[in-house]
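The chain below stands alone and is given as structure tokens, in the form predicted on its own.
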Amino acid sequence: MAYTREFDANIITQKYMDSILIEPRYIDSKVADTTIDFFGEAFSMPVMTPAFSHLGNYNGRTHNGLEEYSMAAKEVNILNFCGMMENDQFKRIADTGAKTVRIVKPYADNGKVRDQFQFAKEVGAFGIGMDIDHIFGENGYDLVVGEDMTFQTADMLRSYVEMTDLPFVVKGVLSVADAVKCADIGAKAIIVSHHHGRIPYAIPPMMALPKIKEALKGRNVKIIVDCGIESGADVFKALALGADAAAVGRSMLPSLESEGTEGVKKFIEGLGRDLRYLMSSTGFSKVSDIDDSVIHFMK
């Protein structure tokens, strides 16, 4: 579903993100540390890959795009995500050694949902989760690459959480109501996202973040944000507004297509350098210190 006029959520999101300004604080500051702890694992920065699906082999290279960005995630030590795929493809991603969260679609075939979750655990997934914003399509329930999707109740999601000891992530949360339900069913993380504009006039994830953060206070649920994350400044803004991490998406595709794993590494490392620079320039020595006291909104 694509929107190209003023109701395109991607355009709305970009305008909102550009309205967020950062206040520098240099005195008594020092070079910042971007490392984070996420579910007991140390990562180099609060930047994560997107849950992409169906990427081909670019420029005739041996590995497809999913495998190439997963290898980059391992090398720069960030948490990796992947989306809709069959088990054999996920096995190839798991074999890269990247710490990967497998996001499964809300298939109408619930047996397939459970099989993919179980397979992910068997081959060493770091976590599992579901993409709830692909439940509906223009004609009712969504149809994705020939696969029927269906509704997901809180009880259904709770049953997925209870079938594994891996962290469970719900992707596509864009409201306090859904965020609280995710916490209630035992999800360990949510991804605040409109999935590149799945619905028109969707509120920007950055706008939703503060209220979601407040609603989940004390619930021990990690908050990841995506949509329009293109720079270290975007990551910084997300962290300041309540996220624990941010996921890049289409912004890394040019680097992936042109240079594969090396291109993604350069792109991610550049985001990390920009983030460190902004943290250092605003007086935050650790990621966990970042807050919204340095954020201003353009009138």
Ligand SMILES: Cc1cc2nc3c(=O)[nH]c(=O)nc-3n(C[C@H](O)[C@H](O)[C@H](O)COP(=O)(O)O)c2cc1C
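Note that this is a predicted model, so its numbers are computed, not measured. Numbering starts at 1 and runs along the sequence shown.
As for the form predicted in complex with the ligand, it is not shown, yet the points below apply to it.
Colleague: Counting only non-hydrogen atoms, choose the one of 44-52, 267-275, 237-245, 24-32 that falls within 4.5 Å of the ligand in the predicted complex.
Modeller: This holds for exactly one stretch, 44-52.
Colleague: Heavy atom within 4.5 Å of the ligand in the predicted complex: which of Val173, Ile78, Cys227, Ile224?
Modeller: Exactly one residue meets the criterion: Cys227.
Colleague: Could you spot which one of Lys99, His196, Lys213, Lys188 gets a heavy atom to within 4.5 Å of the ligand in the predicted complex?
Modeller: After the contact test, the surviving option is His196.
Colleague: Is there a heavy atom of Asp142 lying 4.5 Å or less from a heavy atom of the ligand in the predicted complex?
Modeller: Asp142 lies outside the contact set for the ligand.
Colleague: Taking 4.5 angstroms as the cut-off for heavy atoms, does Ile103 touch the ligand in the predicted complex?
Modeller: Yes, contact at 4.5 Å.
Colleague: His63 near the ligand in the predicted complex, any heavy atom under 4.5 Å?
Modeller: Heavy-atom contact with the ligand at 4.5 Å: absent for His63.
Colleague: Does the ligand get within 4.5 angstroms of any non-hydrogen atom of Ser285 in the predicted complex?
Modeller: Judged by the heavy-atom cut-off of 4.5 Å, Ser285 is well away from the ligand in the predicted complex.
Colleague: Going by the ligand in the predicted complex, which residues of 77-102 come within 4.5 Å of it through any heavy atom?
Modeller: Heavy-atom contacts to the ligand in the predicted complex: Gly83, Met84.
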